[in-house]
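Have a look below at one chain only, the form predicted on its own, in structure tokens format.
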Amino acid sequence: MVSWSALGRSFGNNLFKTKTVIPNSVQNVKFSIGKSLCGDHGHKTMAMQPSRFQYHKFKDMLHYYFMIGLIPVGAIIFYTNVFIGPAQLTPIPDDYNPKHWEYHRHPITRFIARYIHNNPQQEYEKFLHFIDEEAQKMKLRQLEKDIVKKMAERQDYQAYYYRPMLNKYLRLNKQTGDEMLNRIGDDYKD
């Protein structure tokens, strides 16, 4: 897979280069008879450009994992379609109750229905249970509304948010007040 991307890069680079034919060229060394050779090497600068490493790495990994998944799945599908084939209809014996996955024709669909998806009957019963729970919650909410309404009408029941006071603290508070009254007296002025 990595080599495919590398080949693609080199092919793409070669595709967009201009094809000028230089007859006397060996490994980027030009031999010309009419020119004198210069030894000053000139000012050669390297053009700065962003790195494409991450892009090429991503492409390589995408091809790699795509092929890791594609090749086995393609082989399984090919084997299933060629050697196993679709199911044939046959008469069902009287004492046999077919399983839910046996109603599908293709072997891969049967495999998915048997090992991945739930039984449709089980899904239906789970849905019925959900509906029953919601109906019971609705009844409880309605009963709570009725109770609150009756408590508001009669005004003789404690509400569920009522917190009774303990008499112990009332007695302590009254005793403290009485002691202060006895110590200071009735006619205290600031």
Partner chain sequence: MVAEGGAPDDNLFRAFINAVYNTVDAPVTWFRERVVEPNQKKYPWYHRQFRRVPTIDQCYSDDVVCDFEATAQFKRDRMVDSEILNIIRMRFEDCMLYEAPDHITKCKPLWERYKDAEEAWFIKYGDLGAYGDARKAYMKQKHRMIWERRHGPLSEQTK
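Positions refer to the first chain, counted from 1. Nothing here was measured: the structure is a model prediction, and the numbers come from that model.
Not pictured, yet referred to below: the form predicted together with the partner chain.
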The partner chain in the predicted complex reached by all of G69, I77 and Y115, non-hydrogen atom within 4.5 Å:
no
Which one of L143, M151, L62, A135 is close to the partner chain in the predicted complex, taking close to mean a heavy atom within 4.5 Å?
A135
Given that the partner chain is not shown alongside this chain, does I131 nevertheless sit within 4.5 Å of it in the predicted complex, heavy atom to heavy atom?
yes
Is there a non-hydrogen atom of K139 within 4.5 angstroms of a non-hydrogen atom of the partner chain in the predicted complex?
yes
Quick one: does F127 come within 4.5 Å of the partner chain in the predicted complex, counting heavy atoms only?
yes
Residue-level contact is defined here as any heavy atom of the residue lying within 4.5 Å of the partner chain in the predicted complex; does V73 satisfy this criterion?
no
Stretch 67-97 - residues with a heavy atom within 4.5 Å of the partner chain in the predicted complex
F78, N81, V82, F83, I84, G85, P86, A87, Q88, L89, T90, P91, I92, P93, Y96
